[in-house]
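Given next, in structure tokens, is a single chain: the form predicted alone.
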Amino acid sequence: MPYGYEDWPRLSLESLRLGRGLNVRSFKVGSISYDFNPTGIMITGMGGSGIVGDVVRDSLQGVNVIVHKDFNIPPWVSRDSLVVAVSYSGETLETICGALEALRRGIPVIGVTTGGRLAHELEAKGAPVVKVPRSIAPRFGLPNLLYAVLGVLSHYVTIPDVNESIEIQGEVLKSQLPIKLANFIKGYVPMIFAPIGLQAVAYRFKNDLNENAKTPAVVAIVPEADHNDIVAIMLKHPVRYIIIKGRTDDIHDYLMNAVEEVVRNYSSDVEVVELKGSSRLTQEVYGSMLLGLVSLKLAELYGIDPVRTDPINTLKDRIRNLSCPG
């Protein structure tokens, strides 16, 4: 299996141990103490690192988790919150700026990265940092970052079914569905329907299609999509429909069945992806891994290198000399 997917179970366990092994409560930065129970958790990151926050938010029901994908930390984030800054490379300007601003405002920050400027800046100020193993690219390092963050957060909140979410990864590696779905999507724009409680899977799939297969994709999150996106099925566009279904709650599960029925009334170009697992965390890890493999197979069908992201590199060169706003 290429691009390190066969290593996901091992990397998940290793990164979970790294996060759990960080004695966050022994850290103090000026007047900032990490020995507290945060009223809210903000996870900041971009791209392949940013999706970590989406998975955590969906998975930790009942916990106030906010995902932030920009430079400045919103003014309403208080010192009773915890900011987790996630950057695979440690060079993501938006994440670095947000982390430094949070520290200036007296908000506790924990970094999760492979190193780089983020680690250097936080460590220089005495803030805790978890350094995770490297992968080929940030998106292929999802388990490294995700499970390190879950390990860190386990110091503050309960993480449901984390072991199950690792065990199920071996089952994904045996699936033939990625080959089927890649052939189904080839030559079309995928339109991905998913319930709001599992939306991270849809966005992760979109991102993998963008970066690995150089393919545009549309994400439609239910129930909002029931009031706009779904009307687009009335015309015959060059679209293939992917419906992601899992177990969230009775009303959203019912809505996803209704969406599937309506879409099938207009098109036969529909595939359903059933997520496996007893928790949202397990379902999202299962879906992220399975659909990531779809994007790699699609890249193979197109004969393109899934690792190259030339436009991103060009943009990074253009903003390299930017300073943090404010």
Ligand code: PA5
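Keep in mind it's a predicted model, so treat the numbers as computed, not measured. Start at 1 with the first residue shown and count on from there.
Missing here is the form predicted in complex with the named molecule; even so, the following discussion is about that form.
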Quiz item: Exactly one stretch in 45 to 53, 22 to 30, 293 to 301, 267 to 275 has heavy atoms within 4.5 Å of the named molecule in the model of the complex; which is it?
Solution: 45 to 53
Self-check item: residue 138 within 4.5 Å of the named molecule in the model of the complex, heavy atoms
Solution: yes
Exercise. Considering only heavy atoms, tell me if residue 169 and the named molecule come within 4.5 Å of each other in the model of the complex.
Key: no
Quiz item: in the model of the complex, does residue 88 have a heavy atom within 4.5 Å of the named molecule?
Solution: yes
Quiz item: Would residue 312 show up as a contact with the named molecule in the model of the complex if we use heavy atoms at 4.5 Å?
Solution: yes
Quiz prompt | Any residue of 162 to 180 that, in the model of the complex, places a heavy atom within 4.5 Å of the named molecule | solution = none
